[in-house]
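This document starts with one chain, in the form predicted alone, laid out as structure tokens.
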């Protein structure tokens, strides 16, 4: 912490003689503005965090330490030096709350501020994007970026062409947990749902578990030999022929929806819609859909209307969208455990900010039990003991089903409790804000209420003294999560700003993560119980290995994210080129000469008929629309390619490398065909009596959604590899391909 700079800021604030735009002077004015307008005196730790943000670092601050105010200092510094800042929040509620809460400081500083939520009118967005500071979710900003790609006129565009700075709140969630999720824009061009998915789902009604295999690692469903025979008998078609491929995809999707997807764990049904549940937050992931045929299969499972989402016209993953900003900074309570990933993917260094008051929360070590039944007994006992003492309890569960069954069990014991899960997440902020009240028992899925403080004694702290004597907030985590960050975030709900508190962390040998990563194989037989054990397991070796399971899981997911980047970077390179060229056509900074070069005679006739200036403008609009078609075709091709690229492993080749080479070849070949396609468009134009008669192809309606795409196709391994064992690696070494140049060299290095 730069004590010298902080002291200078406070000295300038006290003297009131700060008129320049240096960091110290602007921070001093912000310091005074916070005191004058909100009655808040910033802590030294908040000033240190704000300085780190302004320098483009990721700050780690514990819950309740005032991250919201820190962002204001950094945003004002950037804004008053000519930049524009987007503060990317975790949800719409926080975008509105933080903007309205901090607005008096911005007004005092002479900095314009606004917020955009999902329901903000598009006509108003252009004005809001012109504000010096804008609060908005990363998702909504990304959708506006994509919507501009399908606009046919620059007047319809709202997203700024130049992006200065993004301050990412809850950066671990946005930049890591959700980083791979593609934001999608689709149009209703040439899209017709034939309703066949519902029919397929009906026809697989007699299929059972002997008809399919499920690969846990790739999360894919495959037909067994018996299942393939049954499918061919039911549908009267060779499932593995080229013509049968679309049907096979539907069948596998329907089997996955029927047997693998679980209601109240993977999704809920609300108002006739399938709403996905985010695996990291436990919330409904509004606007997100399952990939491929799986969404329509899930709808067919529940007899819902099969929705058409149109043909995908553009997409961008959040990690690539974040890198569009020339400067990124971020805030979170759990950055340290993901330091390597932040550094490699975003070049973000981490600054750990000490708490303003010493942390008095007691974090108890892992409590391990033989099975879920023994674990549940311990959790219920802990919650009941706290409730009897009228000590507030926050229980973090893994699923809706668990949260509701636990609540039912507690109520059966006469303990009143409030449940917060994806079924009532609209009430989230209010429920979490009351979780510190005397005697409150709150049961939540995963990390609910991020950005909302839990104050001891309630929102007004009226009974803080009693709750403090009772031990403060007790946090109970009911299972081991994929990432230690989720556990730490949950633990961090207690012990706000020096409050007393306690956290306990429960796990069982039959927890999903323990079974999937085979905890039993990590320990010798004498340490792993061979028969049921009542109560808590005390074996230190077993406890140590159980904690290691979480680290293994974190390593696996990190490797998956890095590997997926190898597949997606080439698409991002192509997207950036295509989007930039299309925008230049519409804003007039680039004028196409394709008609003049490819069809000079036809162009001359058209110029004489319609006027050269009008024809030039039309050419740009036609090429812009053609680039949309070109990009749709490219996305269709890459989706098709992903389904089978893993088979290249059989030949000992690197699937990621083969995928990138194929994408590059397709892009270049398709781009080479554009002049011919443009010449065909000119012939169509010439048939018109007047230029206004020509209709440039454009969707009449667009859809935006998030694709719940975790790259399962890229993780798939062909069955033949299990036969050849280590042979693919040996073949790869013998393959002797040339070292890749340029882009591919930087991506893959030397073979």
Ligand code: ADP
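No experiment lies behind these values; they were computed from the predicted model shown. Numbering follows the first chain given and starts at 1.
The next section is about a form of this same protein that is not shown, the form predicted in complex with ligand ADP.
Participant: Report whether the minimum heavy atom distance between residue 32 and ligand ADP in the predicted bound form is within 4.5 Å.
Facilitator: Because no heavy atom of residue 32 falls inside 4.5 Å of ligand ADP in the predicted bound form, the answer is no.
Participant: Please determine whether residue 54 contacts ligand ADP in the predicted bound form, using a 4.5 Å cut-off between heavy atoms.
Facilitator: Because no heavy atom of residue 54 falls inside 4.5 Å of ligand ADP in the predicted bound form, the answer is no.
Participant: Although the partner isn't part of this model, could you tell me whether residue 46 comes within 4.5 Å of ligand ADP in the predicted bound form, counting any heavy atom of the residue?
Facilitator: Taking the distances in the predicted bound form, the answer for residue 46 is yes, it comes within 4.5 Å of ligand ADP.
Participant: In the predicted bound form, does residue 40 have a heavy atom within 4.5 Å of ligand ADP?
Facilitator: Output for residue 40 is yes: heavy atoms within 4.5 Å of ligand ADP.
Participant: Taking 4.5 Å between heavy atoms as the contact cutoff, choose which of 337, 553, 497, 164 touches ligand ADP in the predicted bound form.
Facilitator: None of the others qualify; the residue that does is 497.
Participant: Considering ligand ADP in the predicted bound form, which of 463, 658, 351, 453 comes within 4.5 Å of it through any heavy atom?
Facilitator: Looking at the other structure, the residue within range turns out to be 453.
Participant: Which one, 529 to 537, 120 to 128, 504 to 512, 93 to 101, holds residues whose non-hydrogen atoms are within 4.5 Å of ligand ADP in the predicted bound form?
Facilitator: Of the options, only 93 to 101 has residues within 4.5 Å of the partner.
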